[in-house]
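Single chain ahead, by itself, as structure tokens, in the form predicted alone.
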Amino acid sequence: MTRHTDDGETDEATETDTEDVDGSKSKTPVPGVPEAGRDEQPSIFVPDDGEVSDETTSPERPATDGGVESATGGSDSAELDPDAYDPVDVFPGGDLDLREGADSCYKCTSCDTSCPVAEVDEEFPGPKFQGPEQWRLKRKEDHDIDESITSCSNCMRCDDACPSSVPLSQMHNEARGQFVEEQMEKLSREYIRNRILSNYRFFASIASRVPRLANAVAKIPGAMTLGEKVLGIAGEREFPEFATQTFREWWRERGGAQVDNPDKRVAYFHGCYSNYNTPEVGKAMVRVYEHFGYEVMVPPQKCSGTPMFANGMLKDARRHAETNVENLVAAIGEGADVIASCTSCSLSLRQEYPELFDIHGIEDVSEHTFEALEYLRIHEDLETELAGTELADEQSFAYHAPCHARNQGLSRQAVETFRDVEGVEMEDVGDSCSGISGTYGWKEEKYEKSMEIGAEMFEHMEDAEGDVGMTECPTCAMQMEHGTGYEIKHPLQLLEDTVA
């Protein structure tokens, strides 16, 4: 189903016609979700065997940088067609070749000045070095990836800051994956810790079978201190509670969808946290969408891969992506668009999947994925729906837009949605990063830096009128609660209160 593209109103990353001097029209990109790779050639993470599928290369004429066929036809012939010759062909190409993206960088350092880690960590060289500089070095010699790549939090603010559309986060993801695969000691405490953090879904699925016991164990005095000494997990953190009933258990108990509407279908990608820890967010999503007449599907799914990308576990991420793409493509085939209530999940499906993997159907998933509130703002008249609504009790919220929401052009959506609702006061606490960046702030050696990054947000929250926080990102919610003690809600929960 393509209703979100037929009328041209829903695509956040579209083009507009502009008139040139001679009267002809050309296409000018409009800000929004970046195209896959933001480069001439989407890069592909190739698993264990190191071979690329037949769909990505041509056996007759090997593609070189940017997917441009060699002017020599891939032979050793010295006869060149001057019109077709590409001087980049003198360098050997590769499946993870990001040289053209690196050459687009003109060292303006906009990415460095936008990086929250570089702001608090003097030893971190910044996104420009982690991305373009490393790939330039690698095309000259087989340089090792610098270990500082593990200090990148994967907030992806550098993507939004770059005026030249350099695929910075893609470069970081692949460099981090290469470092972990080839240079990190697999028996080191750091590797084991990172593997555990990035595979949260696996351990959450076990804990959710005995949630009360798991919650009690996490609260035993000294439990987090022990975790810090043994694994290097920050002892100052409070482990999130597991719900006594997961979202999927609730979904099965209620009998699945309560609305049957083949003309309005959405496939809900709930992610790990809304399933195991905050099922109330998933419940709110279902009730709100059913209020607007949507048939909600909940396909089988695994982790979006966001924590795996951040820790360089690309093989793990690919395994999860294969399951997700297969099931989401099936839902799309039944007329559904994909909806995620977590902005990191939606960004992963939209951008990181097609940048890093060559899975069949992955572009369809990218094109059909939306954040939950974003989708309603596109397809429903929320302004009219909310006009005149009034909450029984006045509520004031301190809203934080996650970095991964900003990368999708969604930084103001919650504030704009609720600004005219009687009884709701919504204050934007600024554009600072929360600092936790998924697993980054859970690491012993990164904890103080994460709190230093989040200090500005904490201060703005405490200065806001309300003492309830709001955000679309579950780990940002952890950091907001950790730094202020405020209760944190998701915009879908407020929307449920107003319309459903």
Partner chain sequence: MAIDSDVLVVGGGLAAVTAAVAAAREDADVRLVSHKSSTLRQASGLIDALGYVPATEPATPLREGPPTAGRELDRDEWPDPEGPLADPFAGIDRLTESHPYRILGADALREGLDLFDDLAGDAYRGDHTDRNALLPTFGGSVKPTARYPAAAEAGIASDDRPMLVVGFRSLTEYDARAFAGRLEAAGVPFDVAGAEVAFAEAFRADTKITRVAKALDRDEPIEGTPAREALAKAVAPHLHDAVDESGGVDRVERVGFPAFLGDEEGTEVRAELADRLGADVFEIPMGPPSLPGLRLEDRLYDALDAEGVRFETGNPVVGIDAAADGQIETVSVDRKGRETPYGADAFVLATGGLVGKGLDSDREGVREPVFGLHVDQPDDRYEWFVDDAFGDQPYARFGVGIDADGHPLDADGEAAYDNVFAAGGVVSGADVAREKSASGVSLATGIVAGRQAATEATQ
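Computed from a predicted structure; not experimentally measured. Positions refer to the first chain, counted from 1.
Although not depicted, the form predicted in complex with the partner chain is the subject of the following passage.
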If contact means a heavy atom within 4.5 Å, which one of 251-259, 368-376, 194-202, 171-179 is the stretch that engages the partner chain in the predicted complex? 368-376
Contact between residue 407 and the partner chain in the predicted complex at 4.5 Å, heavy atoms? yes
Taking 4.5 angstroms as the cut-off for heavy atoms, does residue 114 touch the partner chain in the predicted complex? yes
Applying a 4.5 Å heavy atom distance criterion, does residue 213 contact the partner chain in the predicted complex? no
So in the predicted complex, does any heavy atom of residue 125 sit within 4.5 Å of the partner chain? yes
The partner chain in the predicted complex has a heavy atom of only one listed residue within 4.5 Å, and of 358, 290, 380, 425 that residue is 380
The one residue among 343, 311, 274, 351 placing a heavy atom within 4.5 Å of the partner chain in the predicted complex is 351
Members of 323-349 lying within 4.5 angstroms of the partner chain, judged by heavy atom, in the predicted complex: 337, 347
